[in-house]
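Read the single chain below, which is given as structure tokens and is the form predicted alone.
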């Protein structure tokens, strides 16, 4: 895992680094520190990362000024900040977690576990940030019907019939989205409020009919759980 910490207080940055190394150990490929937003954004532009730890107050600059930019990227973002009143807004914009200062190693470990497990937060993501023609746009999660994996990217299919591209993988989006988004196939996440019925086809093939009339494939290993969870 390639990790970047953007934190202007050297003592806190070193503490975060020390805890991450203790928690992740050999899972870390690289771990870098930047003490300003400008240096951090430059590093992100020139290097591939998997996880960003971001403070919201860096030498008087507001981390929210760049939050829309970083949450639209392929990597996850964890906010580490003393400004607890901004946690809800941070979650709405699609951060993986908000770790309030002061924190301990257990709290940091919980945030890191969210990368690989569905540890649902009390606050729900409301937007997904995307890049479109060089600009950032926010897509309301409630407007997404389903999401299709497209290699390292994903395609968001919306209520108005349009499609948008997101830089995060299907697996990374799954870690952010509410439980109403179900993985029905290795390539599909569906907002189950848009599900109508399961269709059984010859040859033990299954598909899910959704609100816009489309039929999406259901993985054979996922059919039973899907049936019991949503249609029993």
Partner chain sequence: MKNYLYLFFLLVLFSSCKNERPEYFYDEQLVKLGDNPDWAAVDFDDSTWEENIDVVGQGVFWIRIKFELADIKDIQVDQGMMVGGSGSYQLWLDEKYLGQNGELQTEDKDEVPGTYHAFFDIPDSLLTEGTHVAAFRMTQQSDKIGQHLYFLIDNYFELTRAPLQTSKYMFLFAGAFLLAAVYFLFMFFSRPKEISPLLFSIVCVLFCSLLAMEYLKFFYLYEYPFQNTRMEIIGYLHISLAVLVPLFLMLQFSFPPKHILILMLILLGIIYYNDYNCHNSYDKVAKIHHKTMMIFSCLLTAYAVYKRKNGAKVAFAGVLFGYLLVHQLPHIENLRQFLPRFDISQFIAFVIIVLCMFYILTLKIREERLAYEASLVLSERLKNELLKKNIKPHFIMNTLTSLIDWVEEAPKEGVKFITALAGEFEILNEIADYKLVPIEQEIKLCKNHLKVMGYRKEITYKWEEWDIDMNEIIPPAIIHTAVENGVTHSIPNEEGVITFRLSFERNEKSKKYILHTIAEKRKESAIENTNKRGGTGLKYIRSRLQESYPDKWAISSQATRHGWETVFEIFV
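Residue numbers count along the first chain shown, from 1. These numbers come from a predicted model, not from an experiment.
Although it is not shown, the form predicted together with the partner chain is what the next lines describe.
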Q: Using heavy atoms only and a 4.5 Å cut-off, decide whether all three of 37, 61 and 103 touch the partner chain in the predicted bound form.
A: yes
(Q) Residue-level question: is residue 199 within 4.5 Å of the partner chain in the predicted bound form, judged on heavy atoms? (A) no
| Hey, in the predicted bound form, is residue 222 touching the partner chain, heavy atoms inside 4.5 Å? | no
Using 4.5 Å between non-hydrogen atoms, is residue 158 touching the partner chain in the predicted bound form? no
Open item on the list: Does any part of residue 18 reach within 4.5 Å of the partner chain in the predicted bound form? Heavy atoms only, please.
Closed with: yes
Only one of 22-30, 165-173, 185-193, 52-60 sits within 4.5 Å of the partner chain in the predicted bound form by heavy atom distance, namely 52-60
Applying a 4.5 angstroms cut-off on non-hydrogen atoms, the residues of 75-92 near the partner chain in the predicted bound form are 82, 83
